[in-house]
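Below: one protein chain in two forms, given as structure tokens, structure 1 then structure 2.
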Structure 1
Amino acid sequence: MRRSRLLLSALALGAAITLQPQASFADYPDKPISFIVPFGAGGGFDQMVRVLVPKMEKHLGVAIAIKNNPGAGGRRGSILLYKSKPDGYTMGLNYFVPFLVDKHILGKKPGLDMEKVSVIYKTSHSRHFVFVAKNGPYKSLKDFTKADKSIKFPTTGIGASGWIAASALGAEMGFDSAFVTGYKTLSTAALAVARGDGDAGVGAIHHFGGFTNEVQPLVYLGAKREAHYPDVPTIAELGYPQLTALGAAHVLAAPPGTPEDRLEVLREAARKAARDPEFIAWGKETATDIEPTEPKGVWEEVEETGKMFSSLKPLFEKSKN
């Protein structure tokens, strides 16, 4: 009997030692998490994160430090996130658009392997308007095609959402797009349009909302009309439904190799945050579509966007010649 008791005690001690790493892992997270935003403070991505993050903190029980790392149309911050330590303590927004542009339109090797990105969750999608100065010569997109010069768009950078939307519109409709880059946010780019430093802009309501006396939207790049501007036609109504995929998808991601267990903890916090009434109200106020999407759906959207860009490549090449 004594030997049996000793044997059982030894087995129990061994089991406790074996289970100890799992118990430690279950304590995740136990320290602050860094959140990389690939655009500057005050922009649409940054605004979304600053509404979402407090809701995620509530469910995770730790602080989340927001770190803006703008540059190269969202590439710089996305690459920084991609190359970070995959321990679950670095997450952020991965902006796929510029890398899809590089691959499918510009014929360049993307700065990261998109298929290796650890997708956490998509919370929302900001679809944009094309707008012009009220006192300018353009009253419709058709006027762009009649212009005897290139239509000048202020934008944050090559491959950014405004650049790709303006380029796609020009390629499809047959007008030349020119760009003034270097603006830190789409809001500052919108101000340039209001001042007459550019012919047209691309952005959401929170980008040009401070200049409604100076600018007017011509078209909404969505499938259905936006409630704040019900008289503005959609790009689908004008005969270009494929362009409704444009805009800024807010995809939360982590470095490749982040343990799935930890991704799921972050994912569940994102799910709950995206359903928070305050986050939903923010979406309505800013005309941001709340579109909670699991990783499988995100990858399907990325694939479809890549196909759209591939189909546009011949038009891009023609419009640049």
Structure 2
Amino acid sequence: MRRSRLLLSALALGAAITLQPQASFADYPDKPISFIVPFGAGGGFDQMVRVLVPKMEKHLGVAIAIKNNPGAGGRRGSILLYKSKPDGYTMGLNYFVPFLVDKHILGKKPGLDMEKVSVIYKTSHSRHFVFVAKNGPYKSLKDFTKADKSIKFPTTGIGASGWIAASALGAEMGFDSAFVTGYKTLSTAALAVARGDGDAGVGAIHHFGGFTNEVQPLVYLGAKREAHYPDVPTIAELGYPQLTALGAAHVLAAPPGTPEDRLEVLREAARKAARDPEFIAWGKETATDIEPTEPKGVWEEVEETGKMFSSLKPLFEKSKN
């Protein structure tokens, strides 16, 4: 009895294995998939991928190899992904922001044709806070607009995320933003705020969290309040919902021309992975907004961001004198 049951289940298993290829998705995927991360190992993007990928592997049934390809502010890796073979065995993160910066702010031809990118799915979005020194004169964002001088932001560089956020905020709310650039990371920029090199900073909790005695956040650049700082208002609450597109969207993509049925297989795996309890727990821990979004929503965001960036072009020209 027992043996026959064993035999039966073995048969069923065998049938399941042999029948698999006849399933609707043919035999894709049947070999490891490469995942290109356009940033170095250990950074924010990379960590997200390293948490997400095992969940995707579980649903796809094949290994996914992570390849870090950093350089040029995320451009190099995204371009490599763009140029890879569109057979469904190469996917990665496509970071749209630097290309939007090239197109709308730097006035440089982007290294890839953004519209052609095969968007798979957006899993999450890393957003920033605006913070000030505790002993400084600014107690709310409103105070920025009342100041009779420009608000000085220590940040990494012109065209980088901190500069974009502060410029966009100033443009929308009506205050002048000035910059002390050249800090290596947003964490060193946060130290600069704590030390008094400038008035205000832009960064995530892991950037300014070491200075909780010296700095305090004024606003979260998101739509929902961040769990670590439930008393800090969101930029949407303050009446600027368009600014929630700032920050780093984690968009999974594949090279242009990847067959739609294969994209759908990957998309389904991403959908499930983004809803995995462990992934959600990681989002809570690291203050990353988990935001499962279908391609349509991603394209809308890209367009919104592009529009916002175009309005920053005059500020960029001004900063170059």
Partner chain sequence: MLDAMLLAGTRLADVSSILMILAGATMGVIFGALPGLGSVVALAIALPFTFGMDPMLAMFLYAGIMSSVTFGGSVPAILLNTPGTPPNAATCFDGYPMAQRGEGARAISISATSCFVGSVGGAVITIALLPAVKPIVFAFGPPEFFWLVAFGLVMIAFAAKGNMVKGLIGGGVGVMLSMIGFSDMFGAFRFTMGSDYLWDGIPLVPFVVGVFAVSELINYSSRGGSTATTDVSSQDMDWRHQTLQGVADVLKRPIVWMRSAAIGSGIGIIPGLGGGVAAFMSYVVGMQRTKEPELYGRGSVEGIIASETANDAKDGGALLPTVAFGIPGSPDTAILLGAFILHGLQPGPVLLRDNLDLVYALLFGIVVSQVATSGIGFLSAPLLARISVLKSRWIAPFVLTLVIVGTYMLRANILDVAAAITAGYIGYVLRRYGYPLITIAIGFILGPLAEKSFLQSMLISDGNFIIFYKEPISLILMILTLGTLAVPLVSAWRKRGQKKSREPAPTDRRPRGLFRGPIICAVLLAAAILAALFNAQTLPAEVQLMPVVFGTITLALLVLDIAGEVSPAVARWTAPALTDMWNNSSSGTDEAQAPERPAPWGPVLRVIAMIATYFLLVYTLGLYAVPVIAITAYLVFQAAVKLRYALLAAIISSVIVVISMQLLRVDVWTGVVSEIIPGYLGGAISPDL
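Structure 1 provides the reference sequence; residues are numbered from 1 along it. Treat the numbers as computed from the prediction; the structure is a model and nothing was measured. Just so we're on the same page, rigid core means the largest C-alpha set that superposes within 1.5 Å between forms.
Of the two forms shown, the one predicted together with the partner chain is structure 2, not structure 1. Remark: the rigid domain rotation between the two structures, smaller part against larger, is 27°, computed from C-alpha superpositions. Note on Ile205: its Cα is shifted 3.0 Å between the two structures, core used for superposition.
Relative displacement of the Phe144 Cα between the two structures on rigid core alignment is 10.3 Å.
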